[in-house]
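Shown next as structure tokens: one chain only, the form predicted on its own.
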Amino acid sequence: MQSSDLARVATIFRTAFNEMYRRRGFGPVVADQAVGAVIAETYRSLDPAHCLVVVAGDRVVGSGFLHVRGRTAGAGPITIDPAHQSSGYGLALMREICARADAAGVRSLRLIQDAFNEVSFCLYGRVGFVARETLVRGSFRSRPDVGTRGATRRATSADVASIVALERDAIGIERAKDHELLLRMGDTLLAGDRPLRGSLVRMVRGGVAVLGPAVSRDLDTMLDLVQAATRDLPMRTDTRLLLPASRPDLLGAMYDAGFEVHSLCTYMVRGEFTPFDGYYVPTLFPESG
């Protein structure tokens, strides 16, 4: 991917995602075309060698991103122009991403896909991905009057090593440069010190708060982090996150807080996978696991 490709990548990103959702009765999910360009440019700064475009003739018809983090890696977003779908471009792109991951020594390649998108599910299955977890995509409205039971604090760059160690133990991922980026783009909240019990990232844009990644050793810590991340927001701020369906106690607590389900996603892995230990809220940005 070159800088001259960004405008076309952004157009395909918006068109492909909105068309996929429209076909299944949902409204558009990418209102601003600039979102795709921001994502592509950010990922080019993080992983310049693994930001790919698919070309038909002299025209870009799709793009995909590989995020290598040692023995693990994430893939996504993957988008193909709707006018060129079902023509083999998506399969060619995914085979190239898998080949690059293999060449980099990746043992566990991970991605998140919308469960209602049976086409992408089959595509990823063809190149070796297996469904490992169901994720619940939804949102709730913030309540600033809700306090936290446990102490939390904002992270600094000095905390990145502790966050990385916590994620390594809980989910088998090490991604220091992602957390350095997230500290610049949003807020990272921590619970505990020695040992660190949990961390949660919050990004607020345009009146919407997005939570994740978050990881904690126990339910109470995760709930404290969620409360701490929303108590300073304006009342009823739209707060969005992904929750693992395999943690019914976390889901139940979030339902009590007003969590509404929008759709389901599938956490898919190609290669090695150990079930998560503790509580994990994934993120779609950066898509490194």
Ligand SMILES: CC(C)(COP(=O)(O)OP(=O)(O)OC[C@H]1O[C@@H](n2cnc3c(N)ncnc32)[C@H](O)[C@@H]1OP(=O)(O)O)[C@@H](O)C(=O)NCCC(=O)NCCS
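One-based numbering along the sequence shown. Predicted model only: the values in this text are computed from it and were never measured.
Beyond the structure shown, there is the form predicted together with this ligand, which is absent from this document and is the topic of what follows.
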Hey, in the model of the complex, does residue 17 get a heavy atom within 4.5 angstroms of this ligand?
-> yes
Touches this ligand in the model of the complex: residue 91 (any heavy atom, 4.5 Å) | yes
Please run the contact check for residue 126 against this ligand in the model of the complex: heavy atoms, 4.5 angstroms, yes or no?
-> yes
Answer with yes or no whether residue 142 is in contact with this ligand in the model of the complex, where contact means some heavy atom within 4.5 Å.
-> no
One stretch from 111 to 119, 97 to 105, 153 to 161, 177 to 185 that, in the model of the complex, holds residues within 4.5 Å of this ligand by heavy atom = 111 to 119
Would you kindly say which of 171, 211, 191, 78 lies with a heavy atom within 4.5 Å of this ligand in the model of the complex?
-> 78
